[in-house]
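In the form predicted on its own, a lone chain appears below as structure tokens.
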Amino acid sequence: MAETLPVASESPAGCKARAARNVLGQVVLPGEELLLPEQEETDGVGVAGERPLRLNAGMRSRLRVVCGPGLRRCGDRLLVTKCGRLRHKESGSGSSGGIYWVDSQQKRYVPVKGDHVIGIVTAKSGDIFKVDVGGSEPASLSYLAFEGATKRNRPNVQVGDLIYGQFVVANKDMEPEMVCIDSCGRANGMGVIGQDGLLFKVTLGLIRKLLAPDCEIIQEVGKLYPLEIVFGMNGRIWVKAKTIQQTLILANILEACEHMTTEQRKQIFARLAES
């Protein structure tokens, strides 16, 4: 006869679930299950005052949690899918919960809904453009996904053009889909990037660092030369300055900033400012 074995509060990785507040900034491993502090009542497995994060608890819980990259919803649980440091950001309303994500140094970009990326048009199939975004498969881009585009007024997009757009569909079971308009139908800076300039690739961690609101690197770079620059969350940067020499200098600086200390970076910018 089959025996009924007791089930412990363990994650698929074989270790007990850990409280998210105790591991913020620490390394988490794929398969771990996260626990959040109990807000209203203790009704689940875990240590006293904590329960597994239940995303579909209904009216019983007032906890609003947004799952970011590296976390996956599995029923009423929240599982870690990447190895990295657990991060948390409080919600704007001030309620407990907020946004949780895993900060990891992965090499291949995984499309995320809402991310702004730089892609390369690789093929044109009927009314759909195939765009290489650096992921496991190309993204699709409709010719109607441009500002002012109609069936008669089609955008001038050729194979090899650079496209700056955002994802509206990014699912592991579906082909990613891009658009070059916002929710109001405006381009808002998206579309075909100019022919001049230089496109190069950096790590995903450096992109997140450069796009941080308090990043000093971009402010210092902007003081050197007049420039145009586009950042893609997929690790691609497009930059254009007045001359080719200035463009190459800016590209080399941005690539090297990831491995520089603050003092080293200030010395480099001081030398360039003098010259």
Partner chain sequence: MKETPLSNCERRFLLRAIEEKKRLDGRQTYDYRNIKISFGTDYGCCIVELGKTRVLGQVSCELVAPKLNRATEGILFFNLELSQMAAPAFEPGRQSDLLVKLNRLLERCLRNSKCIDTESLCVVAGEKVWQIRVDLHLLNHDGNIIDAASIAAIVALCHFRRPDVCVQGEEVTLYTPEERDPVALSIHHMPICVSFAFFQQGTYLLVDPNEREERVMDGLLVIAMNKHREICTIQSSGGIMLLKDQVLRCSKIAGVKVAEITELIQKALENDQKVRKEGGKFGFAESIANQRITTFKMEKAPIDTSDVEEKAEEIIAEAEPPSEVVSKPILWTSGTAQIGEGVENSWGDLEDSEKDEDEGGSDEAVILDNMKMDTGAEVSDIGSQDAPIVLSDSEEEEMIILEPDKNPKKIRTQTTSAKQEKAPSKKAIKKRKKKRATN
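These numbers were taken from a predicted model, which means no experiment stands behind them. Residue numbers count along the first chain shown, from 1.
Beyond what is shown, the protein has a form predicted in complex with its partner chain; the following relates to that form.
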| query | finding |
| --- | --- |
| Its partner chain in the model of the complex: contacted by all of Thr122, Asp161 and Asp196, heavy atom 4.5 Å | yes |
| Close approach of Asp132 to its partner chain in the model of the complex, 4.5 Å, heavy atom | yes |
| In the model of the complex, Asn252 touching its partner chain (heavy atom, 4.5 Å) | yes |
| Leu248 within 4.5 Å of its partner chain in the model of the complex, heavy atoms | yes |
| 4.5 Å heavy atom contact, Ile218 and its partner chain in the model of the complex | no |
| Its partner chain: the contacting residue among Ala212, Leu224, Val66, Ile244 in the model of the complex [heavy atom, 4.5 Å] | Ile244 |
| Residues of 222-244 having any heavy atom within 4.5 Å of its partner chain in the model of the complex, listed in sequence order | Arg236, Trp238, Ile244 |
